[in-house]
Each structure stands twice: as C-alpha cells, then as structure tokens.
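Just the one chain here, the form predicted on its own, laid out as structure tokens.
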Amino acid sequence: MIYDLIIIGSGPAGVSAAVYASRQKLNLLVISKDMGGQIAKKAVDIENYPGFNKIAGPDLIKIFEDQLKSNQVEIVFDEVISVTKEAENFKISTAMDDIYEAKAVIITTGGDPRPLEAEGEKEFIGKGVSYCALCDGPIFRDKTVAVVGGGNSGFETALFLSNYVKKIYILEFGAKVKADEENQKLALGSGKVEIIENAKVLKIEGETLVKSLTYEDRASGEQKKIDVEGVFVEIGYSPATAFVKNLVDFSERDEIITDLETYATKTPGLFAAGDCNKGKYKQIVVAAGEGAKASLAAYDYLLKIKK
C-alpha cells in the first residue's frame, strides 16, 4: 500500500497535522515511538495552551489520543530509522523491520534530551540520573535532588518535584537563571528550592545509586560538592533528525531547515514541523500551529502531483 501521507511523530505537531490531514480525507498513517512526544517526557502542568487555564501533560496527551481515534487515524508505534525517496515516493524503514511507502511525509519528531556530558552521568542513568521528572519524580519522595538547568523547564521540573522531595538545588551554568519570573516565583514559593548560579557540573558520584554532585563555581573556580540522591537534567533537547539526514539541510544545531510558510524541506513532498525544525520558539502551541500548516501544504503538494 502507498499512503498519501505519513506523519512521523505524535506530539502536538504530529497530532495537529494528522487531524488536518484526516479532514482532507487523505490516506494517512502516523508512525511514532510513543504517544505525546516531548509532552510525555517533560510537560508537567501546562498553563499556556489555548482552551485550558491549566492541564497536566498526561491529560493533554489523552485528549490528543482520543482526537486521533475519533478521526480514525491509523497509528503504528515503532521507531523510524531511515527515510529515502525513490522516484516519486518515500520509503520509511522502522526498527521493527517494516517498510512503509507514501507520496508525502511530515516529520514531527521533536527532540531527545541533551546530556550533561559530565563524569558519572551515563553510569547513573536510571540509578539517580533522570531526564523525566514526570516519570521518576515520585521515586525520590523525601529525598534531596538537583535540577540542572535554570530555564523554564528546570523551574517547572523543580515545582513538580516539590510535591515529593524535601529539598531541590537548581544549578544554572550562567550568571543568572533564564526562567520566567512567574515560574521562578512558583518554584521558590515551595520553600524547598535553592538556586546555584555559575555552576558547571563536573561529576556525579555514588555507589549503587547517586549520592553526590560536584560542580565548579565558574566565578571563583572553586569545586564544590553537594549531597543529592537524584539529578534531573533539564538543559534542552537535541532535534531527533538523524534518520532523514540525506534529504534535508540542517542548521548548526541539527534542526531541519524549512520554508517558513509551508514548512517544506529541500526535498519535494517532505515537510518538517515542531521542535525538530529550525525555529526560535519551542512551544506546544507553536508546534501545533506548524503541524497544521505543514499538513495543509502537504495536501496542496498532493493535489499538484495528482494533476
């Protein structure tokens, strides 16, 4: 079978693209590793998405899932490992050794957590080092933890963790945290948060589990150690785009370069929307909007090649 359109990813961009494509009666398939994309890994409480004063990440994902079902969108849970174009059609290979064909493709794969590259980080993944507070936060009840990253994600993670842990250190590499004032106010209001600025994480240590974190004070050059039982890494994401490297141009940060109006890549019929493409603002509502635009552009492309 050759699909009209295959969408890779089921975060806000992928779901939005799928809803628009289904309304255009396209023969459609969504391929995704999981449901919800980065929302499933990092979004705790969302307060800036239209229609909701506040909604938990898992609740928004459930709405996404229900909406796809109501639009009768076919979903395959698998990981895409390569995309190629032969003649006029795309071939998509997956980790489960399946191959799918489509006339057009929209990539909405978002990103993967960026590692610290600190000594001990890899050794203690799953043993105190985590990239998903939503997944692992309750495990650290009544413990002391560190959140590395002083942006909005870091402070939102700290606020979520404050429901479980007894103390939270937020370590920021720069001289000043970058989170919005409202997020800072909410996190600090818990009474459990201590901010450490100019902190470069050097080492994570422990025995079976994490016991401490060593950082360099970038202002003084002094090395300091804090006793923690968990380390949550919130220093951003790297675009999950390696599987399509031969068909697109990349930015210096490995984001897919697209046309700003249609989100088309340099390969006709291939589009990219959301956090995987080159764009300044990485937000759920922005990704959803880009997914809708990419879907409409893909529909126009399909009409063109049909003629």
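On a predicted model such as this, the values are computed, not experimentally measured, just so you know. Think of the rigid core as the biggest set of C-alphas that the two forms share within 1.5 Å after superposition. Quick note: we count residues from 1 along the sequence shown, nothing fancier.
Although it is not shown, the form predicted together with a small molecule is what the next lines describe.
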query: Does I46 reach the small molecule in the predicted bound form, with heavy atoms at most 4.5 Å apart?
result: yes
- request: Report whether the minimum heavy atom distance between D217 and the small molecule in the predicted bound form is within 4.5 Å.
  value: no
- prompt: With the partner left out of view, is Q24 within 4.5 angstroms of the small molecule in the predicted bound form by any non-hydrogen atom?
  reply: no
message: So, G111 and the small molecule: in the predicted bound form, are they within 4.5 Å at any heavy atom pair?
response: yes
query: Does the trio I31, E79 and C132 actually contact the small molecule in the predicted bound form, every residue with a heavy atom within 4.5 Å?
result: yes
query: Any idea which of 46-54, 246-254, 259-267, 65-73 reaches within 4.5 Å of the small molecule in the predicted bound form, heavy atoms considered?
result: 46-54
message: G111: after superposing the rigid core, is there a C-alpha shift of 2 Å or more between this form and the one not shown?
response: no
query: When the two forms are laid on each other by their rigid core, does I139 show a Cα shift of 2 Å or more between this form and the one not shown?
result: yes
message: Having a change of 3 Å or more in the C-alpha distance between N53 and A133, I'd like to know whether it is closer or farther in the predicted bound form than in the form here.
response: closer
query: Looking in the predicted bound form, are the Cα atoms of G126 and I55 closer together or farther apart than here, the change being 3 Å or more?
result: closer
